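Here's a solo chain for you in structure tokens, the form predicted on its own.
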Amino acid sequence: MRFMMITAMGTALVLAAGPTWADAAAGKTAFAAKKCTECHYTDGPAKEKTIDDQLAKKGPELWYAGSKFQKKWLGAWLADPKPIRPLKYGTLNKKNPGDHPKLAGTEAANMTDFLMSLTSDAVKAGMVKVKKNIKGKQIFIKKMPCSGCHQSPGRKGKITGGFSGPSLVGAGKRLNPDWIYAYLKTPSVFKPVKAMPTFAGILKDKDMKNVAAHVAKMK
């Protein structure tokens, strides 16, 4: 009886700790087997050199996914994907069909571990302190009207903003704050060909951190 109780307690602790069976190598194999490489590439650095290169892509690059995303969010999204971009990738007039394949169980965990292993040295940990940031909010809304391209949560939970860029609703759970700052500071590392303005030289370093902190608080 005592042995059975100890075994049961051990099992409960393992379950409470979450999946320990995730395998990044298996996730990499599944990534190739499921032909995810037809839409996403995972070997950096960035490959796009021209507008044509960018338009030829069917989905975002993932070679820095582990620096960009939060693991908990990524695992949940792979299991039940919801559109992040209002418009289909690479278009300005076609609605996102929301048809990304779902993964389940071990496969989702393995894929998550694989993608989280893909990081960029350009993202330094501890650069952004996540907190309510009024100055960052003012820059986001007024000085650099980011809402022209990005949806974000407004007053009383109302979603406002444009459709040409990815939505920032839920960015606080989705994005690594330090990646947001790194992207604002050195966007060419991640996307050498892009529509988003380059803010380095326009915004002070501390202001880019303020904006990153503001975005990282978005629900």
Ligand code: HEC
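On a predicted model such as this, the values are computed, not experimentally measured, just so you know. Numbers follow the displayed sequence, beginning with 1.
Unshown form predicted together with the named molecule; subsequent notes refer to it.
Taking the partner from elsewhere, no residue among 63, 91 and 118 has a non-hydrogen atom within 4.5 angstroms of the named molecule in the model of the complex. None of the heavy atoms of residue 70 is located within 4.5 Å of the named molecule in the model of the complex. Among residues of the shown chain, residue 25 is not one whose heavy atoms approach the named molecule to within 4.5 Å in the model of the complex. Contact annotation: residue 182 falls outside 4.5 Å of the named molecule in the model of the complex, judged by heavy atom distances. Although the partner is absent here, residue 36 lies within 4.5 Å of the named molecule in the model of the complex, judged by heavy atoms. Although the named molecule is not shown here, in the model of the complex the stretch 159-174 places heavy atoms of 164, 165, 166, 168, 174 within 4.5 Å of it, in sequence order.
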